[in-house]
Every structure is written in C-alpha cells, then in structure tokens.
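Listed next as structure tokens is one chain, alone, in the form predicted alone.
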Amino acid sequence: MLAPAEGGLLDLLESSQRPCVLLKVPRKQGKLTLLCDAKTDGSFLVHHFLSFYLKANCKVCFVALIQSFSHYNIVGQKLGVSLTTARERGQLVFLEGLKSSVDVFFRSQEEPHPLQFLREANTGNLQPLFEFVREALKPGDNAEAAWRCPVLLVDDLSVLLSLGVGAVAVLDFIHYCRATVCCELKGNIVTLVHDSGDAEDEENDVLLNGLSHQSHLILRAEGLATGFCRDVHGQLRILWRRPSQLTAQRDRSLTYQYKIQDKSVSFFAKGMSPAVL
C-alpha cells in the first residue's frame, strides 16, 4: 500500500509495528542513522531528515560536502522549510564544503578552518572539523533553550575519502562526534555514505562496514536490478539494529520500493506500485 505523500518515510517507519527509533523527538535520542545508496541517488533521504529535524525545532549542524547551500534551500522549500530562515535564527549551522574548500587556501595558516586538512600534508587530521561540530552544537545561553535535541547531519562522508582522508580517520571523526553529540548532548547523527560496489575500493568498504556496526538504523537505497523504470525509482532496505546487550533479539529488516515525486516520496511493497495494479 502507498504511504501518505507527506512525511512518507516517517509514516513508513512508524507503520512497522515498532516505535520509530530515531524520528520521534525526543522519545529516542543518542542514535546514529546511516544512509547508504548503491547504484542510485540517495540524497532524498538527506533532504527528508534535514526538513524533519528543522520542523521538529532541533538544533542542526549540517556538514554539506556535496552540494551548495542554495541547492538544499530550494529542495527544503519544496518540503516546507526555509534553510535561510533557520540559519538566520540560529537553528541551523551550515558548513558549505564546496565554498569552504576554496576559502581555506586563502586564509593564513594561523586561522583555524574546519577543512584545514585540505592544505596539510597530514590529510587524516579531522580534529578542526570535529571542533567545528562541537562548537556548533554546544549548549549556549537562554537563546538556545528553545531548541530541542542537537543533530549532526553529514552529506556525505564518501567525499572525505575522495579528498585523501583515510577510512580510519573518518571513523575516528564519527567516534568523537558520537561521544559528543550522542552521549554527552543526547542528540542524533545522520550521515550518508555511497556504496561504490567496487570490490577493490577497500577504503570505502572499511568505512561502510565500520559505520554499519555503529549504527542503530540503516536506510539503504538501491537501484532496481532491472534498470530504469518510470514508475518505480528504486528500493529502500530498512534495518533496525538491536543494542549489543540484547543478543537474544535479532536485527529486523524490511524492504520497500519507492517513487520520488516533486514534493514527496511514495513508498509501497514490492510489486505493489499503482502502475502495475
């Protein structure tokens, strides 16, 4: 059956007869959600989480390494949120990687920059980026009291590998972010990673496997094995990972197909697309 057009992903997760482990704010906090795409574009998942957390009045730090601010703002307006307004009121802290990657080369060495590793011989040093995240989400004065749980959103971590950062350094960065955002601040982390499907890409495999073991919820968007289809754009695998101490319980997974529309995404069971019924 079709999920409702508005908030389709949220309704899909809640309809699984299990409380939504991440999207209910503030019922479950301190969670890491991994978004993964293989042979398709999974950016619609990033846009969903970004718009959801802004609507939920959360404080969001968005490390955007793949697109410009205007791109996310245009998509956000279709989903009912204004990133410009959120940034002006202090709810959204936005790091525009495309622009910042150029700015870093025109700053003096003494000036700190989140992407400092781009001009250093040691490209594995992501401490300035972590310091940026910690500073963006740390509790402030009374003006910050209105925001709900802090959220770190990264789109996407695979870009760091392309820039020469090793998978171990990226995993260390996420480890420190989890310690700060999830454990200390009781917030959530959502990050996207590409699955290249290349068996020789060991760094990507190390990153993907490492994050999978740390995640509480994994959403994997995949292209159709049969190729392009006008009415079905791909399938979404949802995996809820159980806490390690609950060894008697197994991880639970479900698979749905989806169609991306202009202002929403429709989800349905395999073979249940309206086009084939």
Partner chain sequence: MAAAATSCGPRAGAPGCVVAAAGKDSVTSFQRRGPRASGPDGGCRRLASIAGTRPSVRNGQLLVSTGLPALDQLLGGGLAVGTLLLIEEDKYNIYSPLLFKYFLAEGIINGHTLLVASAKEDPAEILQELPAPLLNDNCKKEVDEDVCSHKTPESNIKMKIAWRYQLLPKMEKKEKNVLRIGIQNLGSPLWGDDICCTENCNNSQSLTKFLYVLRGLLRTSLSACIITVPTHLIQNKAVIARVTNLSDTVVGLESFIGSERETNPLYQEYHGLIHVRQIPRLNNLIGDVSDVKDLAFKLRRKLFTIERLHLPPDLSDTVSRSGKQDLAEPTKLLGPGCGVTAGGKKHLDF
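Numbering follows the first chain given and starts at 1. Computed from a predicted structure; not experimentally measured.
Although it is not shown, the form predicted in complex with the partner chain is what the next lines describe.
Visitor: Which residue, 153, 93, 79, 182, is the contact with the partner chain in the predicted complex, using a 4.5 Å heavy atom cutoff?
Guide: The residue in contact is 79.
Visitor: Of the options 235, 43, 29, 215, which one has a non-hydrogen atom that comes within 4.5 Å of the partner chain in the predicted complex?
Guide: Checking each option against the partner chain in the predicted complex, the one that comes within 4.5 Å is 43.
Visitor: Does at least one non-hydrogen atom of residue 120 fall within 4.5 angstroms of the partner chain in the predicted complex?
Guide: Looking in the predicted complex, residue contacts with the partner chain include residue 120, since a heavy atom lies within 4.5 Å.
Visitor: At the 4.5 Å heavy atom threshold, is residue 261 in contact with the partner chain in the predicted complex?
Guide: Although the partner chain is absent here, residue 261 would touch it in the predicted complex, with heavy atoms inside 4.5 Å.
Visitor: Is it the case that residue 111, even though its partner is missing from this view, gets within 4.5 Å of the partner chain in the predicted complex, heavy atoms only?
Guide: Although the partner chain is absent here, residue 111 would stay clear of it in the predicted complex, with no heavy atoms inside 4.5 Å.
Visitor: Although the partner isn't part of this model, could you tell me whether residue 220 comes within 4.5 Å of the partner chain in the predicted complex, counting any heavy atom of the residue?
Guide: No, residue 220 stays farther than 4.5 Å from the partner chain in the predicted complex.
Visitor: Quick one: which of 132-140, 85-93, 153-161, 168-176 gets within 4.5 Å of the partner chain in the predicted complex, going by heavy atoms?
Guide: Within 4.5 Å of the partner lies stretch 153-161.
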